[in-house]
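A lone chain, given as structure tokens: the form predicted on its own.
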Amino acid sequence: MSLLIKNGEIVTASTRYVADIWCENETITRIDRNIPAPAGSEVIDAQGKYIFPGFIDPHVHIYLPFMGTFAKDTYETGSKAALIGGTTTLIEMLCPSRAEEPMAAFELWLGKAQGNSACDFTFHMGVTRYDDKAEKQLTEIIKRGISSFKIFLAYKGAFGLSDEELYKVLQLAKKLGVITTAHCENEQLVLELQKKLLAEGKTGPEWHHESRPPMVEAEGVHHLMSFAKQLDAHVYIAHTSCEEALREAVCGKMAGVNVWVETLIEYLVADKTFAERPNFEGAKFVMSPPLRDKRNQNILWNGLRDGIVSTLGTDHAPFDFATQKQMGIKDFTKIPNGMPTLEDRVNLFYTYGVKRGRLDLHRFVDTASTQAAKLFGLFPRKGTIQPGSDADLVIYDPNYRGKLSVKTQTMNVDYNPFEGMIIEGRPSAVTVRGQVAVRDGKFVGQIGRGNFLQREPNHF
């Protein structure tokens, strides 16, 4: 299998130039001007288009048992949607309950993906309890090719860790050389605020934000910073939504904490008024941490531009509005949390970031691909365009114009949270290790071709 991409403008986190790319045996083998096409090779003319390294979503949920139901996507639907949107690598949050054994959960999640994914994938290993048995299994899971943990400082009684467990997880992470991603909210404050609001008869989705205000997220970040500094652990704050939480992360970094920050596309283009829409429509936008006041958007965009925020994810968690979101129609605490965004992240980021002058093409690539590859042990195999890297490439048409709609999406869910929003650009072709998987917005790839990406601990 050989592929030649000609005349495109290659853009990475640090370089930009016009050249041809020759791909063979699943990797990029040559980059040069005027490469002749060998007999039998596939040729794509990328004249007038950008060529980006395949984008990496560092935070997705595909298989997700949550709040009494299951997320709607499978690896077949989710990986197709990812590729159509330019994402060629998924890092899924593997989230067992406290009652599950870590190794059994790892095998379950891996089994859901292997043979069913059209794009490459790996996991953050969720740690939802800590004891001697869990420690032994987690150590073995790292040997199986996982180099990051996921912890929750939220969802008391379900996923949340005690402070003793938090200390021991970060201690183990430091010993093994892995980075720990964290959902940062103060779980007790959330629980008390939820009880207070429900007792006052405040049951609609618009009250979800008030049960998890910015100070609750900021306190969770502050709490993590204290533990990480004490243990010299490397930590990554997932789905940072507001100025208050970002400030705590910056203070931690200034105090010497090894910390990186992720934000989500939802927080950049939507705000808390979406969750206040009448007739329960706001339930479509219930996620945790919640959508925030619009003033936070510029702060997060500036953070991405200036390198204070390292990565852009989705926290993709699709639940049908007509059925699953209705579980909370009389009680907002029972609305399954999450929004479907995997397919639209890159196009929204390009349209409302690059095209609006909020960040340049290099930061666009860096935050949506390269930084995730570096942090999670995938670079330079993924996240860049150079000889020896996997031939995951996105040929991007900046002249495309369209609208987002549930009618045209691939995600397996009954609404699109960005219905009707304009996009100015989309992938015209996407490759997975040198094989074309998307052409002009249509999936033409191969289900099951996606590989499990085994990673080595960084040992920072």
Ligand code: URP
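Note that residue numbering follows the sequence shown and begins at 1. Quick caveat, the model's predicted, so the values are computed rather than measured.
One more form of this protein should be noted, the form predicted in complex with the named molecule, which is absent from this view; the next part is about it.
No residue in the set T311, D366 and K382 has a non-hydrogen atom no more than 4.5 Å from the named molecule in the predicted complex. Site annotation in the predicted complex: the residue of Y63, Y415, F66, Y50 reaching within 4.5 Å of the named molecule with a heavy atom is F66.
M287 is the sole member of M125, I237, M287, I91 with a non-hydrogen atom within 4.5 Å of the named molecule in the predicted complex. Using a 4.5 Å cutoff between non-hydrogen atoms, D315 counts as a contact of the named molecule in the predicted complex. For the chain shown alone, G338 is a contact residue for the named molecule in the predicted complex, at least one non-hydrogen atom being within 4.5 angstroms. For Y155, a non-hydrogen atom is located within 4.5 Å of the named molecule in the predicted complex, even though that partner is not displayed. Although the partner is absent here, R426 lies well away from the named molecule in the predicted complex, with no heavy atom inside 4.5 Å. From the list 96 to 104, 193 to 201, 287 to 295, 242 to 250, the contact stretch for the named molecule in the predicted complex under a 4.5 Å heavy atom rule is 287 to 295. Residue H183 is the sole member of 166 to 205 found to place a heavy atom within 4.5 Å of the named molecule in the predicted complex.
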